[in-house]
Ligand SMILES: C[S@@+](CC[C@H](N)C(=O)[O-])C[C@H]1O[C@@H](n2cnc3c(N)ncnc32)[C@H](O)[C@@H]1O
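In structure tokens, the next block holds one chain alone, the form predicted alone.
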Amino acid sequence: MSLEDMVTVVENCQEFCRKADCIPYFYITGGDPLLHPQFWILAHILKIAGIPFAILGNPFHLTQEVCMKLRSCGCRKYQLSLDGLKETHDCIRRPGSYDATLKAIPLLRDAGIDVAIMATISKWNCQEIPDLVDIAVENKADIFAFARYCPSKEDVSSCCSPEEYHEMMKKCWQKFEQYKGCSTTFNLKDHLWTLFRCENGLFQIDENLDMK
């Protein structure tokens, strides 16, 4: 996206938020947004406009200086991926990325930026997700969440089975209960959590709700 297009998007969002009487908040993603040649110009534009933002990126270009600069521009949250334990994650992503991700967490937190750890579930990592809850808590991530991999028609075999996914959710819920009250928030991102909670008597549909 060109800088001109970025400015247009920001201005359009500002206009919409004025009409809707709400505050804009941007999620910036890539690739790695930090590598865009105009990224810091965009960050400065958002700073001047008083618009907070979050980044969905990777850890490879995060340093103490970069994290502090991000926070000064209004970055509130940085989402990192962990798609399994070390061997699995590095196989899915690239060698060294697991360690780089864990190393980035304190850099971001020390700068005052919330850290979200996000996992994408597939047949390759489904069994390891409950252990990632431990990793997120031990490394003081602010948020942990996961979502299902959405394959193309040709790649549907990459998904785990419904039974495997349900069992994984059950084990994760046990972890969530174990760590209740800790500093990590567990974001129930997948809408199947509503069904899971309903199955376990933790959620009830309001019978008086008008479904028309």
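One rule holds for the numbers: they count along the sequence shown, beginning at 1. Just so it is clear, the model here is predicted, and its values are computed rather than measured.
Not pictured, yet referred to below: the form predicted in complex with the ligand.
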For the chain shown here without its partner, which stretch in 22-30, 163-171, 177-185, 39-47 has non-hydrogen atoms within 4.5 angstroms of the ligand in the predicted complex? 22-30
With the partner omitted here, the residue among 56, 143, 51, 67 that in the predicted complex has a heavy atom within 4.5 Å of the ligand is 56
Contact residue in the predicted complex, from 85, 107, 118, 100 (heavy atom within 4.5 Å of the ligand): 118
Do residue 150 and the ligand come within 4.5 Å of each other in the predicted complex, heavy atoms counted? yes
Do residue 77 and the ligand share at least one heavy atom pair within 4.5 Å in the predicted complex? no
Might residue 81 be said to contact the ligand in the predicted complex, defining contact as any heavy atom within 4.5 Å? yes
Using a 4.5 angstroms cut-off on non-hydrogen atoms, would residue 93 count as touching the ligand in the predicted complex? yes
